[in-house]
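Given next, in structure tokens, is a single chain: the form predicted alone.
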Amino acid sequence: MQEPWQPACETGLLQLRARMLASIREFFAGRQVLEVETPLLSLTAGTDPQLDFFTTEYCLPPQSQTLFLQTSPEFAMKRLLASGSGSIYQICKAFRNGESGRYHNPEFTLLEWYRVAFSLDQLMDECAELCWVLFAGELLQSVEKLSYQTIFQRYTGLDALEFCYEDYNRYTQQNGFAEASAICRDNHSLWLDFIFSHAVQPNFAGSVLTMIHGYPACLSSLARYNPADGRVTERFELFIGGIELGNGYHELLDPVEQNRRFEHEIRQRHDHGRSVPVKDTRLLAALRHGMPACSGVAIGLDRLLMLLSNSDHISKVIAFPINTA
């Protein structure tokens, strides 16, 4: 029997991807944002408790060394910012272990950019401008910005900032999510992720670019605290039609606070039986040197291409998804 070798997506989608990438590069060139390239293999990895990573062994006799495939180029790009690069962007591959499904492939294409001296609101506006360019005014009708607390209360009646296990458990039991308590236990961030994805996110309109900002502090490892309310961090996510496309921060600059958050996440990973990565001390050194005030965001380009092509599965917009690679 002949081994299947053909690509999973049509030639027209390869062409659409190429046009999308060209439009992105033109967009940033017009704003004098520098395109950069950073390593996919690194000595360290992010500590986010919700992400798993790939490792490989670098064999250099007489010893070998564990390297990590990057879940995001974020840490290396921040080292460039600290070195004086100015505003930068990157289009690259990223890797996340254990992620496969309608919106997930373990290897995917990411657009990440950082704007020096931008507030979070300015970066949100720039995300909207990029989306209007890519969608050419055909699929998007409007843009809305809503706080996490507002949208969470609107669809659940729950307080996102003050955790109450009894209230959260009662809500999920009454709304057909009986498995929530076993999954989330006493972890506020897990409860928020579960309820948001099941009860809030599906309500977002398909023709609207929805930006949710003001995330609870327990959900934001790399964002600044809101100076007016320490329960909130300066983070946003963008959605179209219930599909999460990107995640942005007003970036944390304090190396002491960043190290504290790294240590907290490492303990969480250990407590939940997840593999523990090496902490990125080079990022901490860059923050001690001084990184300029900036805001940054990462957008999944394969999901964006799904929307542009009206595709119902990520495997239809990737030439060789994991099951055919």
Partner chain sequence: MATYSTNEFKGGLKVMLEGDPCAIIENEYVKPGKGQAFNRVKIRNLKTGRVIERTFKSGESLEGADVTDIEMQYLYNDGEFRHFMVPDTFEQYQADPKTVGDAVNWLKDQNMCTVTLWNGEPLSVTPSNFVELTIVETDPGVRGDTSGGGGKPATLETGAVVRVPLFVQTGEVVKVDTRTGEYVSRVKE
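Computed from a prediction, not measured in an experiment: that's the story for all the values here. Positions refer to the first chain, counted from 1.
If you look for the form predicted together with the partner chain, you will not find it shown, but the lines that follow are about it.
Stretch-level contact analysis of 183-191, 128-136, 115-123, 157-165 against the partner chain in the predicted complex, using heavy atoms and a 4.5 Å limit, identifies 183-191. This chain appears without its partner; in the predicted complex, the one residue of Phe152, Phe204, Phe177, Tyr225 with a heavy atom within 4.5 Å of the partner chain is Phe177. This chain is displayed alone, yet in the predicted complex one of Asn247, Ser87, Thr109, Thr210 has a heavy atom within 4.5 Å of the partner chain; that residue is Asn247. Contact annotation for Arg102: at least one heavy atom lies within 4.5 Å of the partner chain in the predicted complex.
Residue contact with the partner chain in the predicted complex: His198 places a heavy atom within 4.5 Å of it. In the predicted complex, the partner chain sits beyond 4.5 Å of every heavy atom of Arg79. Residue contact check for Thr55: none of its heavy atoms lie within 4.5 Å of the partner chain in the predicted complex.
Shown without its partner, the chain has Asp48, Gln50, Leu51 in segment 44-76 as residues with a non-hydrogen atom within 4.5 angstroms of the partner chain in the predicted complex.
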